[in-house]
Ligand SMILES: Nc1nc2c(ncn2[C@@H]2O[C@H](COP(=O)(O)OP(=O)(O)OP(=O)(O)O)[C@@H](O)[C@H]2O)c(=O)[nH]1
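Before any questions on how it binds or moves, here is one chain, the form predicted alone, in structure tokens.
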Amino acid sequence: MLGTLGNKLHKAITNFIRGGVADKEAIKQLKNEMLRALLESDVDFEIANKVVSEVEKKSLEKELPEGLSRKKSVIGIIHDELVAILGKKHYPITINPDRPTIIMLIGIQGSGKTTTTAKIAKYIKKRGKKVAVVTADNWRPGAYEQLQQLCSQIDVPVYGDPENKRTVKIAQAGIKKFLDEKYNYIILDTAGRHKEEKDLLNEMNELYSKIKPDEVILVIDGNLGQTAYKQAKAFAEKTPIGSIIVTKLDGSAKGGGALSAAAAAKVPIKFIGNGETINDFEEFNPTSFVGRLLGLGDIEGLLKEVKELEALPSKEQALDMLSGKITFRQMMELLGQFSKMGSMKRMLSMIPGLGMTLTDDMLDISKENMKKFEVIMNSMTDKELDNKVKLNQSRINRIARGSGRSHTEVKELINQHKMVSQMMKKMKKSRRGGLQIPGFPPGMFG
């Protein structure tokens, strides 16, 4: 998939970067090339069209911070929109330190579930946990032997009873055995189901009810393409699915369809399989995956630059600052944004007519203080954060107790808030006929 879809997206973006001005026509051409690349990788038309339409709309409408080129901004937008359709964030597997954990794998026959069982076992074992496997798949000939062979490579025990067709009893017996032997993780491999095989789906539901696993993982074949959505939805209706693993992404032209369809089913993708060996397995992180997909070299550095420049306050936020009507919530958000570009004091000192008024103790917002203030604010109510109530002594006492900080530190935050508000009022009065703040477009406040 990285080869098929990645090459086409990379070509479309390269043409855009090397082209002329990033005007409406150039962005429209980029949109069309991206749409073609996504559709050829079997991404659903509605999903693909939504992605490229958002890219076009945001690329044309977005106001650029000073120092950020239109082309760099467009790449950042493309990255974010692709990440959004692939599930937005990384969902690592839960490694419980204090109690045994049972994982149940489900999926249709031929999805690569048995191989994936061994891959997860290796992944968990590498993290220092004692793991065992139970196979309740007695419908497919050779399933037990295949799992034994795979797990012998990583020295993981397997429990099964090939002659027994009572899968619930097998699962219960195997889990009890490994719990008694103090294993941290037990992975249950089940028989392959199809969304139309009602008896097997009911059996899967019974397994879930009797075993009560900590997590159910659905294994989906990357070659399914858009059909993955229907499979995920059908299984989710029978069993609470915690996450998805997409297999066989190596060389699959339909990989984009399977990944986007799985994400559309509102279930996080946790791992991807990109080969048949036990080592061809990796955590799925949408952000890094899209970075590799686009193949743009130091895309992380590029995205960092874009995000830092975009972290500047909006015009509305800045006007709130200048009015002096700053809430505790806004103060922390704004100071957090400014801290990415340097100290607040340094930035304010650059404003003509204001720098000379700053004393050494003004706006001493060190990283340590920021962390301390954040802990204190986490103990404040919404009304307190939004300045809808006055912080009297009773509230200060409650906030101090809840945050584990002293009354003096809470009052320090209150004083800092007052100082910021006063400083913003001074900024407003410091210039007539328009105010220029570093990082904001000229004339924004004039």
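Quick caveat: nothing in here was measured; it's all calculated off a predicted structure. For every residue, the number given is its place in the sequence shown, counted from 1.
If you look for the form predicted together with the ligand, you will not find it shown, but the lines that follow are about it.
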Exercise. Though the ligand is not shown, can you say which of 274, 226, 327, 287 has a heavy atom within 4.5 Å of it in the predicted complex?
Worked result: 274
Exercise. Just one of 243, 239, 146, 138 has a heavy atom within 4.5 angstroms of the ligand in the predicted complex, so which one?
Worked result: 146
Exercise. Can you pick the stretch from 256-264, 180-188, 228-236, 110-118 whose heavy atoms fall within 4.5 Å of the ligand in the predicted complex?
Worked result: 110-118
Exercise. Would residue 270 sit within 4.5 Å of the ligand in the predicted complex, counting heavy atoms only?
Worked result: no
Exercise. Applying a 4.5 Å heavy atom distance criterion, does residue 250 contact the ligand in the predicted complex?
Worked result: yes
Exercise. Quick one: is residue 192 in contact with the ligand in the predicted complex, heavy atoms, 4.5 Å cut-off?
Worked result: yes
